[in-house]
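The chain that follows stands alone, in the form predicted on its own, written as structure tokens.
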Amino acid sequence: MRFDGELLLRGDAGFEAARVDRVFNRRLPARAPAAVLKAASEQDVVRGVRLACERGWQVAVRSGGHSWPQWSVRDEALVLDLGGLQELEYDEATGVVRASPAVKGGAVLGPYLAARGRFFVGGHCPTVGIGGFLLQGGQGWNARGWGWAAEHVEAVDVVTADGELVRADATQNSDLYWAARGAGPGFFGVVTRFHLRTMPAPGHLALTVQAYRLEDFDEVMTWLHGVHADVADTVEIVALTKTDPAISTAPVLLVTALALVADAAEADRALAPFRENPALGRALLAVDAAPTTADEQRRRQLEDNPEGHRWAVDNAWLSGPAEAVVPAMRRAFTTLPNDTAFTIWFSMAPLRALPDMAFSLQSEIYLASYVPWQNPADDARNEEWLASVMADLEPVTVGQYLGDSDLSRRQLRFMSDDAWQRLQRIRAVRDPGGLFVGHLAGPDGPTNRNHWEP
């Protein structure tokens, strides 16, 4: 079979590099695919799926390569590497942009739309490809106000397990459209193109930042827990602990609020609640409604997500009163294992109703811990720290977000029971032979259950 791109079989020169090409987390797995197809065209994807059917291989897909557990590197599978597909086309009449899955949301799609006065709720880290991000739901800029990025997917073009290229939207192949918005690596097809609704670019961005010593953690986070639902839904609210040498040699707690609004006056009103923080007089740093830009925010995200590192990442959807939640998350924030690690608290309150899609589990608070390092000798220590602080959270944990999860290490609920059962029914029809690898999980597969519950 002829390809526009390159097919590399295990043992071929260049195969090992292709096996982990563009994989962000350099704590690389030993898993051994049967082959890697570097697709150079949409028809290569069709041919690749058909070849896998002929040879009895499963199919795994790599879009941007940013999944923490490297979901695209799977034993005895054909890895369809979509990195060579970089289509971008904007329709002025509809405001819809068509984009390939490997297109980087912040580094490429964001500036492309900005030049046209438009904006898409892409991921925070600029180098993340849109494919896996959208398939997992897409926790993007100001998700609490504008919704999940998957809600802005108008249609997808999909190569099915039969090797056919189809359009899926609300009126045709609607089962695939439903599943493509939340199934993550459990999706039973290869998306070759997303059709995304864009919005007018915000006229003004303004940032409030307050830095506190860790001994102020309980007071500040208890206050934030009580007020975040009442803040204007044009404000993205994130609290995080990190080491910032410009502020202190020790880790600090940062309360950040980014207003994405029409003008400075609206930003001033939207950010006003943060001036009432009872610990503000003890702040090590206080920035109030300072003008900023999308490019500046992306640069900061790049600094926090360095290339070439080993990573351990986990997360939890939290729910409950402050007196239960704040103590449960204290160690995750106040005992970071190294000076590049950080833990975030992300507001989703007040919760918006979700549309009918596979992504179906959220709560008012999202917590995630990110631990990068470079020395393999530190693997066990960092993994143990992460497992320990996530265990602290179990009494107030609802589930987790697939985008920051590794189900092979820890099984948590990631969609509603009804959605999970519906996904299995659709998969049984669309991929009865199990061509697509599905979620990387434990020996018994994904459970969609919190592991400590019956």
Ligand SMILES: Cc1cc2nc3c(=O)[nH]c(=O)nc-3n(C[C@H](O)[C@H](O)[C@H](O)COP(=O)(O)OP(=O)(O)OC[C@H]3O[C@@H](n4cnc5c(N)ncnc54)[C@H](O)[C@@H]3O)c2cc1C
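In this text, residue numbers run from 1 along the sequence as written. Predicted, not measured: the structure shown is a model, and the values here were computed from it.
What follows is about the form predicted in complex with this ligand, which we do not show.
- Only one segment in the set 408-416, 381-389, 422-430, 57-65 has residues whose heavy atoms sit within 4.5 Å of this ligand in the predicted bound form; it is 57-65.
- The partner is absent here, but in the predicted bound form a heavy atom of Gln136, alone among Asn315, Thr343, Thr208, Gln136, sits within 4.5 Å of this ligand.
- Only one of Val235, Val191, Val220, Ala150 lies close to this ligand in the predicted bound form, with a heavy atom inside 4.5 Å, and it is Val191.
- The candidate spot formed by Leu82, Cys125 and Val128 lies fully in contact with this ligand in the predicted bound form, as each residue has a heavy atom within 4.5 Å of it.
- Interface membership of Gly399, defined by any non-hydrogen atom within 4.5 Å of this ligand in the predicted bound form, is ruled out.
- Put simply, Ser363 is far from this ligand in the predicted bound form: not one heavy atom of it is within 4.5 Å.
- None of the heavy atoms of Thr198 is located within 4.5 Å of this ligand in the predicted bound form.
- In the predicted bound form, this ligand stays beyond 4.5 Å of every heavy atom belonging to Gly182.
- Along 386-419, residues Tyr401, Gly403, Asp404 each place a heavy atom within 4.5 Å of this ligand in the predicted bound form.
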